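Heads up, the chain below is alone and in the form predicted on its own; it's given as C-alpha cells.
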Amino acid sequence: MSLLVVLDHDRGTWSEANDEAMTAAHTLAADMGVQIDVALVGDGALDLSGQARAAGAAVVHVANHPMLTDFGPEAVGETIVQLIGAASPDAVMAVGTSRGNEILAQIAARMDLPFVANCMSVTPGDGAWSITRIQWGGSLLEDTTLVTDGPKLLTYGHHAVLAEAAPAPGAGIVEEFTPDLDGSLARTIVVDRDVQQAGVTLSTASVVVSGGRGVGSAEGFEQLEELADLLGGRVGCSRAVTNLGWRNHTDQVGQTGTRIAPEIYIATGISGAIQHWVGAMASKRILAINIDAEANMVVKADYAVIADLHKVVPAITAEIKRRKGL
C-alpha cells in the first residue's frame, strides 16, 4: 500500500514545488497508513533520487525513455499510468502547478477516473474521501467527496501547503522503469527553449515589485526596476499592463500569469482585480501604493501608502540608497 507522489524537475533540477508535495504527502500518507513512493520521469531524474530519499520517499521510481528528453504532458501522463499499473498505489498526488495539474489530468483521462485539483485539505475514509479545494481562482473553498474504485487522483493547491523538512529520510530504494510509449505522444514534448533571463525568476523571487495601469507608461517601470534591483527582487505587472504592451506577458502576476509567494510584494498602481489577487495572495506580506484608498489591493494589503507612486517609489529608493551608502 502506498501514496505515489509525482515529482517535478527541469532536466535534473529539483522544483521547489516538490518540497510542498512531500510535506503534504507526509500528512496524507500518515492518515492513510501507507508509505510514500515517488515518481521521477525523464532525463536527470536518477540524479534526484537522493533528494527524494531525504524528503522521505520509501521507493523512488525513476522512469526513462528516449522520448522523455524534456517535459511532455502526454508522454509523462502515459508513463505514470503504466507505472500505476505496475506499482498499484492507493492514491496519486502532485502539487497543482501548471505541470502538476496537466499531468494528473492526463492520468485521469487515460484511466477514466475522477481527478480533484487544487486541494487544501484531504481526509481519507473508507471508500469516500472528504476534500476541501480551492475554486474560482481562490475566491471560494469547496467541500467535496471523492469516491472511486481506482486510485485517488489529486493535486494540492500551489502554495496551499507550507513546505517543511521531512521528519526523517525514507529508505529511498531506487526502482528504474521503462515505459512503452507510442511515437504519437512526442507531439507535445518541449523541443527547444528560449531563456530570456537567468537567475531569480518571478515565481521564486523573495521580493516582487509590481506595477499596474497607474504606472502610466512603459518608461514608468524604470523606477520599479531600480527599486527591485536594490532589493534583489524582480518586477511584475498586472494584466492591464500587458494588454497595453508596456511589459511582456512573462512579467504578469495573476491567475493567467505567474503565481508568486515572495516575502514581500510591493504593488504599485494596481487596483487588485480578483485575477491578479489570485496570483499574489500567497505573498507573506503585501505593501500597496495607490492613490485610491478603496482599491481592492489596498483593502487586502498588510500595509498601504495612499499617495502617488511616482513620489513614493523614488523616495523609498532614495532612502535605501542612503542606508546602503550608495
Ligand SMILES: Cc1cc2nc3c(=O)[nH]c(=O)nc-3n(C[C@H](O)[C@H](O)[C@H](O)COP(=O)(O)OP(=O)(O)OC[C@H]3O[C@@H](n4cnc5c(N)ncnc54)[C@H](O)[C@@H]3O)c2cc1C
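Definition used throughout: the rigid core is the maximal C-alpha set that superposes within 1.5 Å between two forms. For every residue, the number given is its place in the sequence shown, counted from 1. Just so it is clear, the structure is predicted and the values come from calculations on it, not from any experiment.
Not pictured, yet referred to below: the form predicted together with this ligand.
Heavy atoms within 4.5 Å of this ligand in the predicted bound form map, among the stretches 288-296, 61-69, 40-48, 27-35, onto 288-296 alone.
For the options A94, I80, V209, V253, the one in contact with this ligand in the predicted bound form, meaning a heavy atom within 4.5 Å, is V253.
Proximity to this ligand in the predicted bound form holds for all of G214, H276 and H310, with the criterion being a heavy atom within 4.5 Å. Within 4.5 Å of some heavy atom of this ligand in the predicted bound form lies at least one heavy atom of I270. Among residues of the shown chain, A240 is one whose heavy atoms approach this ligand to within 4.5 Å in the predicted bound form. In the predicted bound form, this ligand sits within 4.5 Å of a heavy atom belonging to G257. A movement of the C-alpha atom of Q223 reaching 2 angstroms or beyond is seen between this form and the one not shown when the two forms are aligned on their rigid core. Once both forms are fitted on their core, the CA shift for A17 between this form and the one not shown remains under 2 Å. With the core held fixed between this form and the one not shown, R110 has its Cα displaced by under 2 Å.
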